[in-house]
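Quick heads-up: it's one chain on its own, the form predicted on its own, in structure tokens.
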């Protein structure tokens, strides 16, 4: 998986912040990130945290045959692994250019500087020597891998203890940890790498760059130095030209930082040694802060529950009484309501309005009936004694003619003409439908 590139906006923002001597994590130009060192239960196992960059160091040993050209010297081997757990850009099972460069720099810093007495690792000259292997695993990548790896390597070597051996004739006896106390390695000095990032062709300088700052830097200068201000190795990458004054200034800054880191390492080693000697608890589990969720135990504080009821009554008595105000629904528009303080509910007003509307419709019907009666009376006044009255009954299809002064004669006239017309029209429609069906059948 390829590394996600920075956008132009992020790049410009980082460069402008560096020009203004500001950093994303709030540090100053020459500030180093916080370093935390924790040891495991076994000797030679440690975790170094440089900000969010974490490196696990593990040292192991075994008896092997020496090299032909160095029959009285032990063997030192360093191996750094970059897994996908640290960053998705690292590919497993493949040595990238970055990994090769870091491994070579570690070997020059620790092995070529003669920080460990390799002659003390010889058991039988030309036959058996100790091979010390330092395995470094990057757990999380947030920039400046070489500094964290060099600190983890030297801390693991200082913390490591090899088994004791004895030689009687041709027999080599290897003692377990329970039989004899393990023997620490003979370390002359502690070289530590300090990285400097340059921006805009060496115009701006930062100490301990993080992962985002490494993406926008133009060049990197790594100086390995011990607390005696002895430069063990120096390496420049990026293809930038540095002046003599810039290199000297970086070396002075590196001397100060190395002295602080060395003092921190010695304090951590002394604390671990004291805890192991006193029989206290040690290991990675004990180094986790109790405030975190991942802690295995929490500190318990005694709680006095003897006068809980009295204190509760006092609290209730001192507290303010609850308010008697009760929230009422507020009608803002018809069909909606709101819970809260405000005007009174107007749901009843709507019901009254509906009743009024119904009453109004009844009044309208009454008025219509009154109008009909008055019209009938007016029509009756206009009718004279000679005009006949014709009444029609739609249910019986009959017409009744009333003549004044004579007995009413009932004559029923059936609407035969209308029925005949209806029947003839129906027959014509049926004939047309039959013709259409026959035409369709013929077509198919």
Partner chain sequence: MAGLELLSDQGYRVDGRRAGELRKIQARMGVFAQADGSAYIEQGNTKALAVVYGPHEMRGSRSRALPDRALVNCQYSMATFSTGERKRRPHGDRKACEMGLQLRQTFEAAILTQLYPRSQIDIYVQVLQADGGNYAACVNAATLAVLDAGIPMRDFVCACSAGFVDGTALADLSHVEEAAGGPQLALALLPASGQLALLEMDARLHEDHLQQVLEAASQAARDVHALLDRVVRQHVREAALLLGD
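None of these values were measured; they are calculated from a predicted model. Residue numbers count along the first chain shown, from 1.
There is another form of this protein, the form predicted in complex with the partner chain, and it is not shown here; the text below is about that form.
Of the candidate stretches 271-279, 147-155, 169-177, 104-112, only 104-112 has residues with heavy atoms within 4.5 Å of the partner chain in the predicted bound form. In the predicted bound form, the partner chain stays beyond 4.5 Å of every heavy atom belonging to residue 312. Though the partner is left out of this view, residue 267 does not reach within 4.5 Å of the partner chain in the predicted bound form, counting heavy atoms only. The closest non-hydrogen atom of residue 92 lies beyond 4.5 Å of the partner chain in the predicted bound form. At the 4.5 Å threshold, heavy atoms of residue 244 reach the partner chain in the predicted bound form.
Think of it this way: in the predicted bound form, the partner chain has a heavy atom of just one of 76, 216, 122, 240 within 4.5 Å, and the residue is 240. Only one of 260, 181, 117, 230 comes within 4.5 Å of the partner chain in the predicted bound form through a heavy atom, and that residue is 230. Compared with the form shown here, the C-alpha atoms of residue 95 and residue 65 sit at least 3 Å farther apart in the predicted bound form. The gap between the Cα atoms of residue 95 and residue 75 is larger in the predicted bound form, by no less than 3 Å, than in this form.
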